[in-house]
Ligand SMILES: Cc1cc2nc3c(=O)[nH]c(=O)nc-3n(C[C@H](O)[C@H](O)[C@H](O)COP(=O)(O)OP(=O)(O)OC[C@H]3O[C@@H](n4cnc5c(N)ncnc54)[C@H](O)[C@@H]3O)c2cc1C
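Just one chain is shown here, as structure tokens, and it is the form predicted alone.
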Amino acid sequence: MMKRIVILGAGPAGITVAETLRKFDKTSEVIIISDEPYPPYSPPAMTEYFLTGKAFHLWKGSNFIDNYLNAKYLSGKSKRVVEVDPESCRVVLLDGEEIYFDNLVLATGSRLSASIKGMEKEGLYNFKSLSAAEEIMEKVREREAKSALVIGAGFIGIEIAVLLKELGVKVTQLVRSRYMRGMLDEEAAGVLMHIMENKGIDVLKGSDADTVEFMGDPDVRSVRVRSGKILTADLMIAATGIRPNVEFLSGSGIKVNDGVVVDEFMRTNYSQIYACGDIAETINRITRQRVVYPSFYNAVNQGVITAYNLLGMNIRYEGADRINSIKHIGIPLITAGDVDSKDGSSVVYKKGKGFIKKIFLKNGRIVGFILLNDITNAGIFKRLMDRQVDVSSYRDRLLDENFGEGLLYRSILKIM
């Protein structure tokens, strides 16, 4: 009997589920629901889209769902899911429509996480979704915004700051402690800060960057920081970290901690319901601790495993990686795994003008790495880390210019 599979979310996780399903299952009914009024897009490619005007963000093409997936696509604000009922296998949309399912996939992504006084006011923008980003770009295109204040120093904050500077906007960025805390160590974060300043970003640190309140009535016009200063700009942009979109699951009985709790097969506590991407709480590949690691890389991998298990293949998910990269704004950067040397790991590193490369090891095995402004061999390091290969015999050559070539390269491939 033909199944109905409903996927909530049209981001990388949800679309990967649908695409993988269709490789093996041409007959099941697939319904994809998104509260955004756009075709599926890739968030990491939004910066390149706005810089060039070319639709790099439509990673599968504008007609992908109709032409390839043969799926029904319900999109727009009225199609936002407001209730999930696992007992009756039903979801309810904002416009009152009820949709029944045989299997449900939760892939609704994440949103801004910080809770700062006044954050609920109008006039505070973010770069988390295409809808939100288009609002910012409209003000820039119409020359209504000549200055911007970016609150936050993670990946999103870095991308929007550089993008706006490239478009001619005067940018001030608030960096409360350091850039990409948790993904870069202090030294690498310092190198990145100098790169940002050299790009013309005005970086504020310490108490001048610790936002206490968004001010203005009714719209946000300024921010007050802990030092007491009042900062103003034409654009106020929050880039303060992200948290899973799980509020709509309240009262559903689906287990939620930091994110939706899934097992090794990406199933929730209801066997007919799965979760993947930024919303899913799974396990760290190496430490086996429960985590939520929002990234394009994890979303796609989890989407594939989810689809396989919807098809009855019983494929175990190996675990999520703490990994992020920047490629589209002239700052090549890849950071992965555990990058804290304070917990006993040793470090192999190389530093030069405008770049830094670090590999963190425990017991002869790579547990994390940082490559800033030189991402050579990132793929090799990632495979060695994933497979926990003992690199003790050549640890001091990992960052050699010719590493990955000749006999050493072939020996590594044999191991992997």
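Every value quoted in this text rests on a predicted model; they were computed, and no experiment measured them. Numbers follow the displayed sequence, beginning with 1.
Omitted here: the form predicted in complex with the ligand. The next part is about that form.
**Message:** Heavy atoms within 4.5 Å of the ligand in the predicted complex: which stretch in 351-359, 38-46, 22-30, 374-382 meets that?
**Reply:** Contact criterion met by 38-46 only.
**Asked** Here the chain is shown alone; which of Asn269, Ser222, Ser325, Ser147 has a heavy atom within 4.5 Å of the ligand in the predicted complex?
**Response** Result of the distance check: Ser325.
**Request:** Check each of Arg80, Lys72, Arg176, Lys199 and return the one that places a heavy atom within 4.5 angstroms of the ligand in the predicted complex.
**Result:** The residue in contact is Arg80.
**Asked** Is every one of Ser34, Pro294 and Ala299 within 4.5 Å of the ligand in the predicted complex, counting heavy atoms?
**Response** Per the other structure, all of Ser34, Pro294 and Ala299 touch the ligand.
**Prompt:** Given that the partner is absent here, does Cys276 sit within 4.5 Å of the ligand in the predicted complex, heavy atoms only?
**Reply:** Result yes; Cys276 sits at the interface with the ligand in the predicted complex.
**Request:** Please run the contact check for Asn245 against the ligand in the predicted complex: heavy atoms, 4.5 angstroms, yes or no?
**Result:** Because a heavy atom of Asn245 falls inside 4.5 Å of the ligand in the predicted complex, the answer is yes.
**Request:** Tell me, yes or no, whether Ala13 is in contact with the ligand in the predicted complex, where a contact means a heavy atom of each within 4.5 Å.
**Result:** Contact with the ligand, yes.
**Message:** Under a 4.5 Å heavy atom criterion, is Ile156 part of the interface with the ligand in the predicted complex?
**Reply:** Yes, Ile156 is a contact residue.
**Message:** Pick out the residues of 122-138 whose heavy atoms come within 4.5 Å of the ligand in the predicted complex.
**Reply:** Counting only heavy atoms within 4.5 Å of the ligand in the predicted complex, the contacting residues of 122-138 are Phe127, Lys128.
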